[in-house]
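For this one, two forms of the same chain are given in structure tokens, first as structure 1 and then as structure 2.
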Structure 1
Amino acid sequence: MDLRDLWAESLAGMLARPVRSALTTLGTVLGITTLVVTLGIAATAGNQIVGRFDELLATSVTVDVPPSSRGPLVSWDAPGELRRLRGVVSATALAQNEESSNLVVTANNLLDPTRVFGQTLAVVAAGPNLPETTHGRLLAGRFYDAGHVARHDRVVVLGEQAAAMLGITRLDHAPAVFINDRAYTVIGIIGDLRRERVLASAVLVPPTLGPDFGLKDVTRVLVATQLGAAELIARQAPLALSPSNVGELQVIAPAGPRRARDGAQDDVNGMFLILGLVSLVVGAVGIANVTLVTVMERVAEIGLRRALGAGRRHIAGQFLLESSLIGLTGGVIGASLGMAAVVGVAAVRQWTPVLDIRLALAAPVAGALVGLLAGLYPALRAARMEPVDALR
């Protein structure tokens, strides 16, 4: 059989029942569309996630300061040296240990057995630049400054969750909290700590009050950098903070944007790829079922072709090509709908669509392959028919 004749016969067989062919193609369309949308949205969302969190994640460097028997490795004034480095926006030293992480803090020193005023909270000593470094926002009052530190003022700032647990919502009457039976004036409530969320449930005290809670030495330094400078600052920070103890400081640098984008794509792919594969399997089963029904309906035609000299390979090739054409058609339509869906979602969300031209070219091939595999059994069954049995 000439290839042109084979193509014409297969196309005629597919178009003989257009409604059935359209419904059969729908399964492949849904599968291919789901796959294209999955991969397109994954790439677009990954790019968007990196864009949104670059400013927060890719501009944050943390330096852990281990305890040392030789004395403090980093002084409270050391973050000032970091701010001299090009690319550093702000730096703050913190001090926290196990002893200060579970202290009873009360908003009232009256003993009332019918009410609970005390909460177990963490007390953290922090430098005055904490709001700027952690991108925090003062919900009420103010943060302590260099003047409070120099005067050893007994003031504290509460994280928003700590303030809620203690029942402190207003600062106009200068409320106080009691820690270790000593009163400290609350001058501010800070929230939106996107970088250090654990501080939302902590009591923040100036470095000069740290020794009251065993917080004499710096345990961590937070550094906020300009976009693109984090990697360089991560290498320079230990030397600027403590030149003689560079090897003992541990620097935690942010992951690169490419890693973050790839991770986002993997997460989205993992969630939706199974859905696309299931849709493809359903489409393949539909093609196989309809092709098998077509074979049973065209038994007389198959017998007549065999009687007129058509070989087994001709019959098998005709039905395989029909099923492949159905899959190819579904692949082309699915790829087009998938691309349009990715652009539509990106437009609604005001994202920049990320489309891979290779995906648009591979989707129809995948559809044709699904159709080819789905039609394999029906085609073999048609090819095995004997002319006499088929005509009878």
Structure 2
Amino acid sequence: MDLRDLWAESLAGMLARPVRSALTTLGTVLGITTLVVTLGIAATAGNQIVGRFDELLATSVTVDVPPSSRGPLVSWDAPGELRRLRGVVSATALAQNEESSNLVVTANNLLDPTRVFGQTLAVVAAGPNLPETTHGRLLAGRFYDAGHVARHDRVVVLGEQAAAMLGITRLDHAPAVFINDRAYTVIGIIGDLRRERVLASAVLVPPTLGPDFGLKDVTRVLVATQLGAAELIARQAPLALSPSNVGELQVIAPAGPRRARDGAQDDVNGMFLILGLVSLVVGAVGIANVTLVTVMERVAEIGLRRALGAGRRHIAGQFLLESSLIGLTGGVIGASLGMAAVVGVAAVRQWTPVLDIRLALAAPVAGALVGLLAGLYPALRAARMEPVDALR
């Protein structure tokens, strides 16, 4: 038998009852759609999470410097050394301790001198390139520079939240804050500190003012690296910062980007995958059922085909191909609906849809396989029929 004839006979068999065939595909359509949507949304959402957090996460290296009785382990100039490493974009030293974390900061409002705002805030000494290293954005004014540092200028920059708590929103009147009864001029407000959220509620001071608050030694070094360089820099940083105390520095490097993506996908419900698989099984049972009914209805046709010289394998092949075609149709429709849904969801969420071409190809194949499996028993029944019985 020519394969094209087998194909034509099966197609004709399927199209002989188009409504029934269409209804029979429903279970497979549902199953494949669910699977494609679940996997597609997982890939799309996973890509989003990575896309949004990746760059910051993957380029942030932090070195914790423990206090030491032998003097500072890392000097304030050390980040400058670090910047000479390939792959380092920016590095900033910070100092913060228990004592400096709970200082009463007051601001007096020049417009209403009777109102005094007092808040317990953290004071952090930080190098002048902190905005660069943390991707922070100045909401008002400016950050202090090397000149301020060198001149021991009594200037501070407020984190966004700290400024809000102190009631300072505008800098045009050169507001001052008082800490330990000393006045400091606020020259800037910094926001968007996603990398170091704690700094949003901190008062940032130049390193040269640190001793006012008991902040002499560097406690932390923040490093921003180029994409992909984080791992290497994490290994090299301790040596560059403090060649003789390499073992004492603690490096916090980002998790690899792949892990972030996997984690995001794991979050997306296995429930939906199970649901899709269950629908597929239901679809398979539906196809098996209808194919069996079809076989029983077409006993006379089977007898006729046997009389015309069809062997058992020809009969089995035809019914198998018919059920596979139904499954394939369900798979194609399901894959299309699923993809459309993924694109739709992505459009609503303003995500970039991620459509895996392998998924697009595998889904119809899976549908055909479901149909093939479902057709096995009915096809066997059809093939086993004796021609005399079938023609009676």
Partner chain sequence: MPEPVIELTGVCREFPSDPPVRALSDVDLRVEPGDYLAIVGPSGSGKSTLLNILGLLDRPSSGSYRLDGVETTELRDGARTRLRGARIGFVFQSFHLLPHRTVVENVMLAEVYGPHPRRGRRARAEQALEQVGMGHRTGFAPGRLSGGERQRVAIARALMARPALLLCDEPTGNLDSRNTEAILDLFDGLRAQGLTILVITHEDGVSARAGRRVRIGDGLLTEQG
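Every value quoted in this text rests on a predicted model; they were computed, and no experiment measured them. Here the rigid core means the biggest group of C-alpha atoms that line up within 1.5 Å when the two forms are laid on top of each other. Counting starts at 1 and follows the sequence of structure 1.
Only structure 2 matches the form predicted in complex with its partner chain. Core-superposed comparison between structure 1 and structure 2: CA of D356 displaced by 2 Å or more. If you fit the rigid core between structure 1 and structure 2, you'll see the Cα of A300 move by 2 angstroms or more. Shown in the overlay between structure 1 and structure 2, fitted on the rigid core, is a CA shift at P243 smaller than 2 Å. Core-superposed comparison between structure 1 and structure 2: G338 shows a Cα shift of 3.9 Å.
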